[in-house]
Ligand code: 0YR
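In structure tokens, one chain follows: the form predicted on its own.
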Amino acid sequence: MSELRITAVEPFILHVPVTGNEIADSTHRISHWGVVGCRIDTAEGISGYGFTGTHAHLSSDQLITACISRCYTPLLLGQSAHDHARLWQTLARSPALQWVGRAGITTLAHAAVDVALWDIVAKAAQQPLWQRLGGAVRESVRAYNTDIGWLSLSDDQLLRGAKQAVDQGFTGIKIKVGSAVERDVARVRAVRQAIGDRVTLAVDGNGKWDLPSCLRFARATADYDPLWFEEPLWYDDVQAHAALAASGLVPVALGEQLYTTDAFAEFMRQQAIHWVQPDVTRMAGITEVLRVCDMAGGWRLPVAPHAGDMSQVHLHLSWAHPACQVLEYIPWIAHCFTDPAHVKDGHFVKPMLPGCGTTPTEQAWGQYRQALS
């Protein structure tokens, strides 16, 4: 077995346009998605790529790449990528970094490094990541379409997109809420009538509302059978989520804004979550998300990894981990990779190339790359 000694770490920033000119949810409006990460080279000539996801603000993206180059690279050079579990611990428990981090910039940077290391190991084994993780545990991965559900869309655009998604074979869609409760109830009603009863319909508030607003919305939409209410409340408010979950009005989903295994553990202990939604690009990579998936399985809770094709890696996790049940479809950046996530007849196609699917194409590298400083 080759040593896979790390010889170089090169941070990068890509800014990729979203669907149309821009999109909006209840808290943000963006025109580009940030793919911020690093390439790790080895003495054997195998390179791995990993990244986090941002709202493409160059100044804050540069903080992530600076953390990779100044803080993590010295800890990685000369080490073996085979030791990715030990390296994860080294980066996560570095005394200097633990003092200033544990979540946020240091975690996003760690995510990029961890994914790149897994990418190297899977490529060296000539296996796609899902195979490296133990093999496929299911025959298919069902996709649900979020890209038709933005709050910035008019009611007509929303209904047209929902019907089109169903015609394309999607058996699940998700729409954004978090504007006025009355407006969002009407949109949920109209979409349910448009898509029928056999298509799952989830809603996502992006942390905008307070508990009374969530309860009012949940009561008004219960008859439309929402699959879940995602991020209904401020991301860290465990007790309010527990109260909403205890109401029995709607299943609660969350996780894209949680950075640690401990955060997920507290939501589970307080019975404040029904659908678990970790994000490899926001937590400290594959290594930590696997722990969350295992923990969710122990609580008999389903996992729906956040933004499947926007991380690429979640597609592999969904094939390999038994707790994963469904995967989100937002196709903004899929075209940027040599093994892009792809949906056919409402299901993701199994990736077959070695690695994590995170290797950018030369065209994306040239077209979307931004300055580091």
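In case it trips you up, residue 1 is the first one in the sequence shown, and so on. Remember, predicted model here, so these are calculated numbers, not experimental data.
What comes next is about the form predicted in complex with the named molecule, which does not appear here.
A.B. asks: Every residue in W33, H55 and K176 with a non-hydrogen atom within 4.5 Å of the named molecule in the predicted complex?
C.D. replies: Heavy-atom distance to the named molecule in the predicted complex: all three under 4.5 Å.
A.B. asks: With the partner removed from view, which of 163 to 171, 180 to 188, 204 to 212, 132 to 140 is the stretch that lies within 4.5 Å of the named molecule in the predicted complex, judged by heavy atom distances?
C.D. replies: That would be stretch 204 to 212.
A.B. asks: Would D61 count as a contact of the named molecule in the predicted complex, using a 4.5 angstroms cut-off between non-hydrogen atoms?
C.D. replies: Taking the distances in the predicted complex, the answer for D61 is no, it never comes within 4.5 Å of the named molecule.
A.B. asks: Is H314 close to the named molecule in the predicted complex, meaning a heavy atom pair under 4.5 Å apart or at it?
C.D. replies: Answer no; every heavy atom of H314 is more than 4.5 Å from the named molecule in the predicted complex.
A.B. asks: Does at least one non-hydrogen atom of E288 fall within 4.5 angstroms of the named molecule in the predicted complex?
C.D. replies: Because no heavy atom of E288 falls inside 4.5 Å of the named molecule in the predicted complex, the answer is no.
A.B. asks: Can you check whether L14 is within 4.5 Å of the named molecule in the predicted complex, heavy atom basis?
C.D. replies: The answer is no: L14 has no heavy atom within 4.5 Å of the named molecule.
A.B. asks: What is the one choice in F267, W150, W275, W88 with a heavy atom within 4.5 Å of the named molecule in the predicted complex?
C.D. replies: When the named molecule is considered in the predicted complex, the option within 4.5 Å is W150.
A.B. asks: Does anything in 16 to 40 come within 4.5 Å of the named molecule in the predicted complex by heavy atoms, and if so which residues, in order?
C.D. replies: Sequence-ordered list: I23, D25, H28, I30, W33.
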